[in-house]
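Just the one chain here, laid out as structure tokens, in the form predicted on its own.
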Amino acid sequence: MEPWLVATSLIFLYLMITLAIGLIANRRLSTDAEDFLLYGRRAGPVVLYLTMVATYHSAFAFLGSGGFFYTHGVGFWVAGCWTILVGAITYTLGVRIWFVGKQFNYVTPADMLGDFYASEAVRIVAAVVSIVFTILYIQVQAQGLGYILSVASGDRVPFALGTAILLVVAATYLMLGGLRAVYWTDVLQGIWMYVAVWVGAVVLTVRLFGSPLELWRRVAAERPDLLTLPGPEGFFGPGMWFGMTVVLSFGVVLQPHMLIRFFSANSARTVKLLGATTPLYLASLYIPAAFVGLAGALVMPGLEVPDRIFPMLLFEHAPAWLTGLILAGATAAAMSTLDSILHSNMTVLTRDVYQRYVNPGASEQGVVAVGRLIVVALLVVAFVLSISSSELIVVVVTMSAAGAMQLLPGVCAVCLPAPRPLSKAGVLWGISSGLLTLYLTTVVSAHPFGMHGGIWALGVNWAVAWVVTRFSAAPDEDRVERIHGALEEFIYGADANP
């Protein structure tokens, strides 16, 4: 059997397994919307851990990071400090988000912000930001899936067709089993992805150079620019790596598919455990990614699409069966995030648009049915986006995270009690000015003075929100006291560790 056929067959076998998991999840699914949208708020430590890490590391880690090491060198390790910061954010802010979600029955970020500020405008703006910027993230995963299948098949499966096939599979098991299917498939995908990245990178390094140490010696001799800062293209100056650290930590945590995971946890203890342990998984995956990128820079220089380096190296230098298994892991990496984003966008549109404005009296079954129809529409959007852009995966991810990060001032106002929280007008003007600044500092003039555009945007957002708050009506005191009082009792009272 030809190598491409072996590799492609193993990927399709993996897809069949995920569909089978979706069917099993469908049989366990109850008719209530909370089960479909939030796993009934019963996600325990093991399931939530694996779905969180699998969702963090997607095509971004499997393909994008290798492409970034290939192009910019080890500077990406510096920006990888975000993996540690994510743990701290989860342990502190994530626990508070879990509590207010459980206490006040929030399902989406817009739910939380709209209730705190008693504002439909805040709710709508939060929902729009959540959807628009995670659609960019859908593009990342869809492109990654298309790359994987086209390379595995030796371009016999065109990029567009490969993308369509894998999008349909992810959407199908999501529609069958809701968040339960997403979580159960992510358990498999989180394990498979981690093992695949390490095995693939080590096998390639040994086959091509004899050992990781020899790879390092070769890079030092032949491409020393990859081992320096700011890197061969001058990308990783202090402002850029600081910016990527902040954007890829706070920005990714504030994306709706991550916040919804906090809402779905079964206890505060589960969320704290995630904060303490997820950095171990997240950070360690960038070691083999560096092996791949640096090795590729030596043996396959001049690639037009650097994000393809891992599958191309495997296809050229690894056995067909191993290539197939590892590329199935790459498929798992992309699908584990794609299904989560499809689910979160479906949840936002269902909860914050359909239930809120179109049909407030919708039955539980009606909500689930509409959610499934929305998944189909999102699938079409994802496909169109994936074939319309060739941006580097990491660049698109960073843009997506920087947009979502503009919700940070509002979220902090909810979760961190202060003598005078931001006002409704402050939050709205802050988000608007932050998004305008993000456009100016990433599209019009990229990263002024070497500082990532997301940092400029967040700085302007905070400043405008603070100033406008000083000259506008404060949030309703009773509502603020209801939420902040409950939070303070949770954090400092006897029930601090339920």
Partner chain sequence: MLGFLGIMALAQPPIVFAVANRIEPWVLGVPFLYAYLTVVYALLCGLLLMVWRWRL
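Positions refer to the first chain, counted from 1. In this text the structure is predicted, and so the values were computed from the model without any measurement.
Separately, the form predicted in complex with its partner chain exists; it is not shown, and the next lines address it.
- Contact between residue 237 and its partner chain in the predicted bound form is found at the 4.5 Å heavy atom cutoff.
- Although the partner is absent from this view, residue 81 contacts its partner chain in the predicted bound form, with a non-hydrogen atom inside 4.5 angstroms.
- When contacts are judged by a 4.5 Å heavy atom cut-off, residue 77 counts as touching its partner chain in the predicted bound form.
- Though the partner is left out of this view, residue 217 does reach within 4.5 Å of its partner chain in the predicted bound form, counting heavy atoms only.
- The chain is drawn here without its partner chain; in the predicted bound form, the stretch among 258-266, 329-337, 226-234, 295-303 whose residues come within 4.5 Å of it by any heavy atom is 226-234.
- Proximity to its partner chain in the predicted bound form, taken as a non-hydrogen atom within 4.5 angstroms, holds for one residue of 383, 242, 315, 209, which is 242.
- Taking a 4.5 Å heavy atom cutoff to its partner chain in the predicted bound form, the contact residue among 356, 272, 102, 372 is 272.
- For the marked spot (436, 446 and 464), a heavy atom within 4.5 Å of its partner chain in the predicted bound form is absent from each of the three residues.
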